[in-house]
Structure formats: structure tokens, C-alpha cells
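Just the one chain here, the form predicted on its own, laid out as C-alpha cells.
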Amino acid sequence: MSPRTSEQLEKIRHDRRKSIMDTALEVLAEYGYANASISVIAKRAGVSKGLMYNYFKSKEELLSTIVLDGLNEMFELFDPNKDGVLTSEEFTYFIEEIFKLLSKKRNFYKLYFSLMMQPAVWKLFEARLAEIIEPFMRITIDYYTKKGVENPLLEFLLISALFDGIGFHYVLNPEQYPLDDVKKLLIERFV
């Protein structure tokens, strides 16, 4: 058996890190941040606790990585051509894709909304989160300014709160929440 190449080793490392993050997301969504231990995450991921620390310095770093990666995935969908200008078609696309993510990554959003209610934990990634959200806010405000909306900032705040509220309600009761109907109404009223 020949030694592994650096590319093979990097792929193994990447895959193991992804597996740990996926497992941690399940555990954190199930138990909550305070009750989810590195030991439980490591055991469920099939790695030693010591090996976990080769990938993440702490539970805080693991949580921050999960949250920021999830939010980056969401905001990557915004302004798909990255020209800094949002069109109605791009805004519609973003909303449609967000709703797909909400359904597909329910555990992530369950965790995200629970963390919003924990100010001490939220502070772990609050500054980085502000950096991620800033372009979304600026481009959305520009979009509403060009549409002639009287108070574009207020419109941005309203639609952001609606995204959070819709996501929260869907995560709490996915079988009963009319996600597709709400998506259509949101696009109709805000795009």
C-alpha cells in the first residue's frame, strides 16, 4: 500500500471535519447549546474527544463555524451575479432558495433560532454575523430606494423580521405551516 498523497490526506481531513460539523449540528439542535457536550458530539461522530480538538479548539469555535457556514450558504444565494445590484428576479430567486434551504436544513435553523434567544452565546459570532449581513442590508436598501419606497431601511427591517418569523414558525411546526403559500405571498408583497 502506497502512502497517501497530500490531496488524499486533505480530503480525509475535510470529510472528517464535515462529518463532525454535521453530527454537532444534530446534537446541538437536539440538546441545545448548553446541554450538548464535546464528548457526546465526539461519540456520535465516531471520533475521540482528543481528535475533536484537532479540528476545533472548543465547543464555541465549533458552534461559530456551524452558524457562520450556514449563514454564508444562505447569503451566497443573494445577488447571484455579485454585481451589488438586486433585480426583482434575483430577489425572487433568493426568497425561493431561502425557502428551499429552510426545508432542507431544518436542524440548522432550529439551532439558529434557539441561539438568537441566548445573548451570551449569540455574542460568540455576533460581530462576524454583522459583517455577513451588511452587504445584504445595503443591497436590499438600495433595491427599495430604487423602487421609490418611502423608508427603505424600515422595509429592510420588516422583511428581515418576516424571514426570521416565517423560519421560526416553520421550524416549530413544519407539518402545519403553509410554507409555499407564505413564500408566494412574501414575493407578491415585497418583491
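Predicted model, so just to flag it, every value in this text is computed and none were measured. Numbering starts at 1 and runs along the sequence shown.
The protein also exists as the form predicted together with the DNA; that form is not presented, and the subsequent description refers to it.
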Review point. Which one of 160, 145, 65, 37 is close to the DNA in the predicted bound form, taking close to mean a heavy atom within 4.5 Å?
Key: 37
Check your understanding: Among 51-59, 135-143, 121-129, 148-156, which stretch has residues with heavy atoms no more than 4.5 Å from the DNA in the predicted bound form?
Key -> 51-59
Review point. Using heavy atoms and a 4.5 Å limit, would one call residue 18 a contact residue for the DNA in the predicted bound form?
Key: no
